[in-house]
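In structure tokens, the next block holds one chain alone, the form predicted alone.
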Amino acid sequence: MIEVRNLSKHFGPKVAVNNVSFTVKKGEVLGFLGPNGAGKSTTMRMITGFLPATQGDVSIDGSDIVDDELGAKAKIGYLPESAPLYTDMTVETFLRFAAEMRQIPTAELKNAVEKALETCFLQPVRHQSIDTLSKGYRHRTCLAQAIIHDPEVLILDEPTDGLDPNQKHEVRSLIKRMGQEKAIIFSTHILEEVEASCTRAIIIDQGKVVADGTPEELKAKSERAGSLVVKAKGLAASGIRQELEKLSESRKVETLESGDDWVRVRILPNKGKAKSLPEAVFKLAVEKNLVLEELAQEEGRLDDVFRQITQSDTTLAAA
């Protein structure tokens, strides 16, 4: 549904987006992650045709965003970063205007507006002037205009910005639900949204794609993926740690807490040894007569992966 090929954008000498390529299929929700200034919004603006690319191509369900601009844009629903609105209109009037601009037939217009109001939970403010709305309701009104023509592709820039926790939950659930039938890209700084809503994620840094995979695949890149948190007692803390460090499955042991005869540690496994690590620790406890009060294997964390990738990339660039 979305095909991005070798996309770049230069602002004078500054390279904001550097040779980015990826595809998004129908039924995929792609989380677009990156530090501030990484090129997320610029990439999304080029995908929607809002900004011309310096080089590269974008096609939306086979329609080129340059050669068939109207055909491509007709298939896109776009929520920009700043959620621009006509503040002197009421919510309902604005959505009717958006429906007319999208050339929704008159016979279908009322149903389209009602569906958008219901989907984005806007019924309580439908007759309210937009300039009197809270930031959250304004954002939802702009989201409603993005989906009013039931587009096949959604491009959402920070769709939960300014929403309270309940509203964020509603929008995440909405994105996940719509993603079963559409191709969706949404940018976010909130990593928990990726796990809650996305089937796939891309991390972009300094204008380049530095990681691409499912949330599970990205978490597996975390240094902590498969690590074991252990609390044991029965020997001096230093003695317990030494015994754990001797295990062939153990790459590194980090002390989290300790007392005279107990210690709580995180054991990072050697490559390929994560599955056998818990059994090795249990056998050691039996041999050394240790009491295990905690034995928990950790998943990787997206925030760890995000920092690992973007910080190391920044360090390399500085060097």
Partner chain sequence: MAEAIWMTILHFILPLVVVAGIFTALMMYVAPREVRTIFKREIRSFFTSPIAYVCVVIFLLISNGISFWFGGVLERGEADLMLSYFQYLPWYFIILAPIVGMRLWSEEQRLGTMELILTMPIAPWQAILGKYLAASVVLFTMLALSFPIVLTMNYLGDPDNGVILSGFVASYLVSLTFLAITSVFSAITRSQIVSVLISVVLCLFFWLIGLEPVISTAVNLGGSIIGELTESISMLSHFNELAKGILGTRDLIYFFTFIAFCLFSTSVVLKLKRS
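Positions refer to the first chain, counted from 1. The structure displayed is predicted, hence computed values, not measured ones.
One more form of this protein should be noted, the form predicted together with its partner chain, which is absent from this view; the next part is about it.
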Heavy atom distance at most 4.5 Å to its partner chain in the predicted bound form, all of 63, 150 and 179:
no
Heavy atom within 4.5 Å of its partner chain in the predicted bound form - residue from 190, 74, 237, 163:
74
Looking at 93, 206, 128, 199, which has any heavy atom no more than 4.5 Å from its partner chain in the predicted bound form?
93
Is residue 250 near its partner chain? Define near as a heavy atom within 4.5 Å, in the predicted bound form.
no
Residue 52 near its partner chain in the predicted bound form, any heavy atom under 4.5 Å?
yes
Considering non-hydrogen atoms and a 4.5 Å limit, does its partner chain approach residue 84 in the predicted bound form?
yes
Taking heavy atoms only, is residue 100 within 4.5 angstroms of its partner chain in the predicted bound form?
yes
Of the candidate stretches 117-125, 206-214, 219-227, 84-92, the one with residues having heavy atoms within 4.5 Å of its partner chain in the predicted bound form is 84-92
